[in-house]
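Next up: just one chain, as structure tokens, the form predicted alone.
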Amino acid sequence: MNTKLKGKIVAIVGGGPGGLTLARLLQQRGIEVNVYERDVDEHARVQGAPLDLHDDSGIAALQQANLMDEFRQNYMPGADRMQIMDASAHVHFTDHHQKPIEDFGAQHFRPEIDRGVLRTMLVKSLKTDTIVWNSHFVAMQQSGNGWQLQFKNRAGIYADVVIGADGANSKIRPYLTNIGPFYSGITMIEGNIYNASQTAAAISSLLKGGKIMAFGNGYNILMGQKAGDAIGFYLSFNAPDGWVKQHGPDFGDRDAVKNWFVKTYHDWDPIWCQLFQQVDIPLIPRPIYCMPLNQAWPAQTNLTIIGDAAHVMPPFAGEGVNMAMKDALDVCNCLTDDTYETLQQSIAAYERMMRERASAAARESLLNGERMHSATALAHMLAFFAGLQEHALPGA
């Protein structure tokens, strides 16, 4: 065991992919760690789109965690296949006929896994009782050389080192910095359809078990296959700050959302209305935020953050979960690297790497968001995917 962490207790607040990956990596190094997650238990429904993992980040973390065999058994073959459509549901690009089902090691292969399936896989990889479920973090105070953490519904605990992995609305982040995110100008509405082959047969047939990006007049529909015959989708559009409260429909009323969609996406084909026939309610509005690209704070001796808690950004570069899992990999390696004499030096080294990576990814995500919601979005995305396809051809 690394001497800096010998005999110390590490608390991870947040049991998403980043926090669970970090717990697995630290346990492999013999470090005592607990994850405090606000969900009641591991069976709490996990919403969100499927996750595509990248070789140099998500996949790299799973490789170091010795979980690639489990990942291969649980990912969704073919779910990374893409179709680009217009508002009339006409297909302008598809790689369904060219893209291999499995191509691990290839530069542009980004295997998809359902978010809930990934969570279950990571939970099973941890020692029994590592995760303390139903732990709603409230506050913490410095206590000696560590922290005393308080929870809404359970007794407090002491930890020598705290790592916040508690998402975009992190309660840990304010203990490091008061820098907050800015609104990107884009809002998304998330919906999930279950038993989709029966409840949304036309959409399910259109999707073909893969992904769709549809563009029309500055509005988008983004969707992907999920495990268990489910489909996740997002309506994505430019909107003023505060739109959800001031102008949004009743997201708990299918008909209200459908009527809003028909009015707003007025020139889109009626086939898209099937998204709302049996959509799970309520739908979830998501104003898209981004941390400043130049954010910085002094490294502390016993506290840091990973994932969206550190660098929330728009999802238009596919980097969110990959950045979180790469953070987990980097912070574990830094904390256990004897090159750094103190924990503060280890944390400072991780945070430098993290901020550099996050700034580049956020810049790309913001730019992609502008392009995807412009009048020329369809042409831009067709050119982008045609370039990827050409680059992937043998000999190219």
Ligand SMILES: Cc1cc2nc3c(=O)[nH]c(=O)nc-3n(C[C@H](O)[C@H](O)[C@H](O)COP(=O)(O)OP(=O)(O)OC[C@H]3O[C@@H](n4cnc5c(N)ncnc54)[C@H](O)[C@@H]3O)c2cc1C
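Just count from 1 along the sequence shown to find any residue number. These numbers were taken from a predicted model, which means no experiment stands behind them.
Separately, the form predicted together with the named molecule exists; it is not shown, and the next lines address it.
Contact with the named molecule in the model of the complex holds for none of N34, D114 and A227, as no heavy atom of theirs lies within 4.5 Å. Among the residues H92, R110, R286, K258, the one placing a heavy atom within 4.5 Å of the named molecule in the model of the complex is R286.
Stretch-level contact analysis of 241 to 249, 270 to 278, 312 to 320, 292 to 300 against the named molecule in the model of the complex, using heavy atoms and a 4.5 Å limit, identifies 312 to 320.
Among heavy atoms of P50, some come within 4.5 Å of the named molecule in the model of the complex. In the model of the complex, the named molecule stays beyond 4.5 Å of every heavy atom belonging to L207. The named molecule in the model of the complex comes within 4.5 Å of no heavy atom belonging to A23.
Using a 4.5 angstroms limit between non-hydrogen atoms, R119 touches the named molecule in the model of the complex. The single residue of 173 to 201 lying near the named molecule in the model of the complex is M188, the criterion being any heavy atom within 4.5 Å.
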